[in-house]
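Presented below, as structure tokens, is a lone chain in the form predicted on its own.
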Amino acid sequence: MTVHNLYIFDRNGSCLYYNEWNRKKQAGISKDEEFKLMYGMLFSIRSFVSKMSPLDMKEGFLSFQTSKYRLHYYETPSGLRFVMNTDLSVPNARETLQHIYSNLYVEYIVKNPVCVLGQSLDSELFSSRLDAYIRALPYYSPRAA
């Protein structure tokens, strides 16, 4: 079990934060291109899910999986989008993403007068606390295959 990476996007699709833990394969494109592709895919999937769902989806799009990884998605009321890629053994990381938003992002970014909202997250405190939180998760393993 492991966490591969985490993206935080603003409501306009700009990647505010990115970190990797156990990513085995690189995309072969620039990080900016990767961020645009990820956000575009999320936008398309959310649109598809909302149009094709036979029920009124209160929660909306939560996750999807391929044969190799699972993508977990959490969107805040203000439009921030938290995306975490894990291996398939992690069933649901919604609470983890909510915790990152409410206990780390709000505490170390929103309440920090030095941090400018809507710009790249350059807070060392946020990065170090996030890293410690991810590494303490029960499904994090530094040597995962």
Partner chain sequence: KIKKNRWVKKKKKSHNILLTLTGLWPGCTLLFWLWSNPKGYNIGVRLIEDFLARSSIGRCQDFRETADVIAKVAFKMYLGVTPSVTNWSPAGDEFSLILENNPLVDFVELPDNHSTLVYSNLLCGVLRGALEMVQMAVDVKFSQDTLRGDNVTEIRMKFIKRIEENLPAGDDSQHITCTHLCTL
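Residue numbers count along the first chain shown, from 1. As the structure is a prediction and not an experimental result, all values here were calculated from the model.
The following text describes the form predicted in complex with its partner chain, which does not appear among the structures shown.
K.L.:
Since only the chain is shown here, I'm wondering whether residue 41 would be in contact with its partner chain in the model of the complex (any heavy atom pair within 4.5 Å).
P.N.:
Result yes; residue 41 sits at the interface with its partner chain in the model of the complex.
K.L.:
With a 4.5 Å heavy atom cut-off, would you call residue 109 a contact of its partner chain in the model of the complex?
P.N.:
Looking in the model of the complex, residue contacts with its partner chain include residue 109, since a heavy atom lies within 4.5 Å.
K.L.:
Since only the chain is shown here, I'm wondering whether residue 37 would be in contact with its partner chain in the model of the complex (any heavy atom pair within 4.5 Å).
P.N.:
Answer yes; at least one heavy atom of residue 37 falls within 4.5 Å of its partner chain in the model of the complex.
K.L.:
Is residue 78 one of the residues lying within 4.5 Å of its partner chain in the model of the complex, judged by heavy atom distances?
P.N.:
Output for residue 78 is yes: heavy atoms within 4.5 Å of its partner chain.
K.L.:
Along 94-120, which positions have a non-hydrogen atom within 4.5 Å of its partner chain in the model of the complex?
P.N.:
Read in sequence order, the residues that approach its partner chain (within 4.5 Å, in the model of the complex) are 101, 102, 105, 106, 109, 110, 111, 112, 113, 115, 116, 117.
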